[in-house]
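Listed next as structure tokens is one chain, alone, in the form predicted on its own.
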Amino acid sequence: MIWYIGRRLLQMIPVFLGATLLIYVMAFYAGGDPIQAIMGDKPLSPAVQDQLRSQYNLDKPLIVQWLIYVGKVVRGDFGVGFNGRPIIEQIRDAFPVTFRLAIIAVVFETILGIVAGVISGLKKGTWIDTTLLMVSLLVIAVPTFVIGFVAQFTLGVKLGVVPVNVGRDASLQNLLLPGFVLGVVSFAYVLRLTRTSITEVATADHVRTATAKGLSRTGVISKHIMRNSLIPVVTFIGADLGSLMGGAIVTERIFNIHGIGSVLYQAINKSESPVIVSVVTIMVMIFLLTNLIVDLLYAVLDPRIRHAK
């Protein structure tokens, strides 16, 4: 198992390097000269421009700039933004809020999605199955920002049961509704994926054998159907954690949450290329880490994978 983890970590290195290179090029050069973005309508003297280029290593070749950046990231140094504030401070203040928001969304989509998917799969062809499929399709079809505004207006403005804006008071209670909005689309996908896995495994030979041997219905579902059906679901949920943190920008804007999404939104508006690169780099690292955890969970769910590894 240790050898397998080491091999997976080695495989992540080229992915991390390639992703950071792509992010760096897009953030610093896709929109033109970053120094010109800083200037805006306010002209800067050539001396100040040269100082800024030297400070952010923009006077060096692109590959050298990227290597310097990666070297600093490995040491935990994400540099300084154009506003003079260390980027790690901005991320440190915002990251816990977005992480709590993403965890709430994952818990919601995991529990409700798997439960609804199992019910739908076991009741295939019934009115329950049809209703759950229609609900999931409706959720997927409606954009997240629409669901967010409707939930905010209904529960916050009309009924007053939740705060309309979270602001800086990002307590667990205040993040429940934004977490629901963030995870509602993923909930629909988990439901449909679980249903598909349940219906496929339920007709497998080993399930029929267990039923023929007289094993109870509950035992068949828990030991033979559920365990084998959850592997693709776990894959999706693990990858979705990183996606939720990246996609939180819409939810955080709707509910005025000061998280990573808000930091990234402001950085894009102000053309803060160092902040954009650093935030997205952390998202890449989280995505790679969650994928490693998912790979390890495979061994727990399927003994065949554990023995092979």
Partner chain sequence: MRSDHSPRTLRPADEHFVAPLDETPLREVDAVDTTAAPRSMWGEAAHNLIRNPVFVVSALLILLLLFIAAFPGLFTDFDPTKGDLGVSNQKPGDGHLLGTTVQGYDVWARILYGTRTSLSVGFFAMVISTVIGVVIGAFAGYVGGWIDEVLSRVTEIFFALPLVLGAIVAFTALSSGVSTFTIALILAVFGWTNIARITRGAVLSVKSQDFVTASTALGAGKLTNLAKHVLPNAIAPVIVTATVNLGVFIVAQATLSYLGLGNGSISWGSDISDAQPALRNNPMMLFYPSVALAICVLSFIMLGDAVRDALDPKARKR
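All values derive from a computational prediction rather than experimental measurement. Numbering follows the first chain given and starts at 1.
Keep in mind that the form predicted together with its partner chain is missing from the display, and what follows is about it.
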Selected contact from Val74, Ala141, Ala212, Val161, since only one has a non-hydrogen atom within 4.5 angstroms of its partner chain in the predicted bound form: Ala141
Counting only non-hydrogen atoms and a 4.5 Å threshold, tell me whether Pro14, Ala239 and Leu288 all contact its partner chain in the predicted bound form. yes
For Arg192, is any heavy atom within 4.5 Å of its partner chain in the predicted bound form, or not? yes
Looking at the partner-bound form in the predicted bound form, is Phe153 within 4.5 Å of its partner chain by any heavy atom? yes
Is Gln55 close enough to touch its partner chain in the predicted bound form, meaning at least one heavy atom pair within 4.5 Å? no
Arg253, heavy atom within 4.5 angstroms of its partner chain in the predicted bound form: yes
Of the listed stretches (90-98, 142-150, 105-113, 226-234), which one has a non-hydrogen atom within 4.5 Å of its partner chain in the predicted bound form? 142-150
Which of the residues spanning 260-278 lie within 4.5 Å of its partner chain in the predicted bound form, based on heavy atoms? Leu264, Tyr265, Ile268, Ile276
